[in-house]
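This document contains two forms of one protein chain, each encoded as structure tokens and listed individually as structure 1 and structure 2.
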Structure 1
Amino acid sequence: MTSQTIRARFAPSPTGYLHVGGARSALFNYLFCRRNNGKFILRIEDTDIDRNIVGAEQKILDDLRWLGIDCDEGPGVDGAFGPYFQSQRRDTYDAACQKLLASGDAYYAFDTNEELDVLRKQAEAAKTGFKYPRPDPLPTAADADRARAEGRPVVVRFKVPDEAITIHDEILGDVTFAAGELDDFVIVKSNGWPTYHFAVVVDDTHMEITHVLRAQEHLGNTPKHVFIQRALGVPTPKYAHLPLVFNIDGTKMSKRDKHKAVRQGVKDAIKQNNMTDAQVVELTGASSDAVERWLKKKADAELSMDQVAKLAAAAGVTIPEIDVHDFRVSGYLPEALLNFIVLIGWSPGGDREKLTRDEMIELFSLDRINKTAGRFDREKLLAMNLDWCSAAPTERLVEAFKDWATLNDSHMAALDDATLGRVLDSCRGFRTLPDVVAKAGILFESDDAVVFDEKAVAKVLAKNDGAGFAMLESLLPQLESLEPWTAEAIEGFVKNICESTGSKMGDVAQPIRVAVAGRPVSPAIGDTLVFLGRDKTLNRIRRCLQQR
């Protein structure tokens, strides 16, 4: 190791938002570095030019920032090892490739995808594993030029040594792969760009990465990387393969789950005649062919997320949160998400569970990482979010709520901080930020926006020959003159009514609540009326009386 300092990295590819699994990898790397005074590096792996999505890296950066995971080197944070985009490091890969070609550790190959497909199918039919047949003798540079001239694709393959290899993993221990298991894999594609396996090794070397913490799905790739390192004559970093993160049903958590959930919901709706194929076509504005393919053949790409969202709304399906951004939009606190995620595959030991980022840093160690894959339990996340919301000071809640409200174009984004703080405090006990809107949002809409819930009206107002309505009627003039218009005064007023009429709080508060909110749910009655103000309160009660 040329550097004594621990250096670890998170290396996402810019193909969309940051996935929670990726966020967990980023977090572990981050914690490991912070704990050990190391450097945390962010590198964008954009060697697959066709799959890159414009602006995706910015979204990933935003999500990491939202979570509070900051890097020491990376896009926008200069370091001595940049650039931090693989697309800007092409010459490095080319040089490394030339070196391997020159030493005979890599060679040119000219097979078309079709030819390879045929070989793979044959192998499958024969129930044997596919291994790329290494040509003998190996093609020369001249052969490569000739192939290129013929219009054949030219790639570079790594000549895998015929020897067993043992990987020492910091979490899993020694893992041995027998000789002859690997075949000669591609390191440079026909478009000249390196594959992941090659770029990752070259970059980790140049960036002097000392520790590679990555998902366990990469364990089987590690021999490839170590063989390349040996051929290049460079050191091997320490590896730590993190347990995977699954859905609650044990399937792999993926972006496809969103399509899957909505597809199922739409299918059910059609089956129950709540929806027709024609409606699906109309809703999405897509061609009926595209819709059919999406519906039947699981061709996710046929519909955009926007179109899928429309279908979800129509079919009454909730799209599952998969990306960090989804959880942000759903109204989770980043500190809760972070706390939840860190406990999948790691624990500080004992009964400790609730951890701030700083506590995680203090407690983090590689040897407490589990080997077992964990499931992403949304119920537990919800409970954890409630805990964090309950414990959060009002200012923090205001800040988080504004972020959420702005992101969701909520009408409550317009409220001033002081009001917002009081509203948030009056709703304490909520699980996610939108719960606050569900409970108190109506108080900040126009009076005509109040829709009276039939059941609530029947139960609270109309029952007993309209006892509730009568109550409201008698309350109205007193409310007109009540002074001062504060939560305490209003609560006191309601209590007085109870005492003088011998009724329970609910008998008085509920009719008022339904009158002003249309539903039997709102903050405490005093708070509810204060948020509304006297004029709107009276107006809404009068409007309600017309429902009689």
Structure 2
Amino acid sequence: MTSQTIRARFAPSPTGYLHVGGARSALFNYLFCRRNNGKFILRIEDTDIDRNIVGAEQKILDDLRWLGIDCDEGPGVDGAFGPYFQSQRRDTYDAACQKLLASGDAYYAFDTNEELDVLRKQAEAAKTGFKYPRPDPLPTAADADRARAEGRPVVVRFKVPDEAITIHDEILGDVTFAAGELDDFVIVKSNGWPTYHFAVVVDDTHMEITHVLRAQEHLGNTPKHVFIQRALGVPTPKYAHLPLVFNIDGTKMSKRDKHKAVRQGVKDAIKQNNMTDAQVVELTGASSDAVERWLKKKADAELSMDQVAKLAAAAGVTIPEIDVHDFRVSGYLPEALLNFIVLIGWSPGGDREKLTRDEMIELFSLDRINKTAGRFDREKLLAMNLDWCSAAPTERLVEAFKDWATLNDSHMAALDDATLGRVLDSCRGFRTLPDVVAKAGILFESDDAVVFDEKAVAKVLAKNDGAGFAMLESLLPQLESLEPWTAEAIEGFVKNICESTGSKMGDVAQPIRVAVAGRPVSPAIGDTLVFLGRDKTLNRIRRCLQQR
């Protein structure tokens, strides 16, 4: 390689939002480059045309930007090694393929899917692992042209050397793969586009990638990549395979978890006669056959996430957060999520947990990465998010809340920054941003939106012969004339009522809360009534008194 600068890359496929495990890989690459004054490259691997989703690359870019993971080269960031979309690099792959064909390290093949299925079944019957039978002699370009003319699918396969190979991994050490473990795999598909294994090697070479940090699930692919590098006569980057991200129960954290959770919820609802198969079909708008296949776990792809979300709402199921966007929509701070995922499989040492981005960069090194899978503890993430929210300056919370409120179409998105800042400060102690709406959102809706909780009315207002209602009745004229209408004045007024009547704070404040919010939960009583304003406060109390 001509460059001595460390160069690492994150190369997602545009098939949807960024998985949190992918975000962890991106973060580790980013930190590694920043720690070593290297270059972090973002490359979009979009050659699998059938799986690409229109607009998905922008979703990935948005997710990375939200997390604060910025690249030195990539889409929208010019560099000397672009373009950074694989779909724009076809000539490079074609040239590399021709080199392998010319050297005899690759060859044409034109088996149909049916013919390959027969070979696999024969291997299964013989209880031997399937390996593609390399033809002898190898097909020529003329043979490939004739096959195309006959309408047969023509691919290019790599001729895997019959030898053992040892991969040195910067985390796992030396890993040896025995001779004969790999068969001759496809490097160029019948549509002319390279497979992942071929494109990634060509791109890493041309972009002068020095280090490849990726998930351990790719370890088995690395021999293929090294064999191709040797055949092309190009350098092999250093590999470091990162531990996988598991759920707390030890299962792999996957986007399928969303389907799994909703599927079980729908099945339970059907079993309890709260939902019928016909209703499931109607909700999704899918065919009954598609719904049946989805329910029987035969194909998650039968239903889109929009359809799954409709079923989740109907069945009362909370869809687990899996993608970065899920956590953004759920009201987590990006700095909290970033802090949390960096600790999955990596340790800063010294029992430290809360880390800023600069501290992560300062402490990051490959020798602190674990070999075993890390667990995604959602309760720990919630606790960490609470800590970050509690410590965040008001201005930062306002920025984060506005982003969340806009994504969720919350009515509180319309609040001005000053008011929103006061609301957020009054709700300090919340775990996620939706908690703020749960606590204070009703104060910014119309008066007739208040729905009185029956248990709260019974316990706070009607109990003891309607003591709560009586308290409201006595407070109403005094609140009408209270001056000034400030949090301090209101708090002082409530305190004076308690002292003059011998009442407890809850005997005064809680009836007011139920009257104005419908339930005994809101910010401090002074803040609550200031957010409402005098007119809305009095109107809601009068409306509440009509509940007697």
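As the structure is a computational prediction, the values presented were derived from the model and not from experiment. Reference numbering: structure 1, starting with residue 1. Between two forms, the rigid core is the largest collection of C-alphas that superpose within 1.5 Å.
Taken from the structure described as the form predicted on its own is structure 2, whereas structure 1 is drawn from elsewhere. After superposition on the rigid core, the Cα of G285 moves by 2 Å or more between structure 1 and structure 2.
Comparing the forms between structure 1 and structure 2 on their rigid core, the Cα displacement of K455 stays under 2 Å. H206 is not among the residues whose C-alpha shifts by 2 Å or more between structure 1 and structure 2 once the rigid core is aligned; its shift stays under 2 Å. At Q122, the distance the Cα travels between structure 1 and structure 2 is 2.9 Å after the core is superposed.
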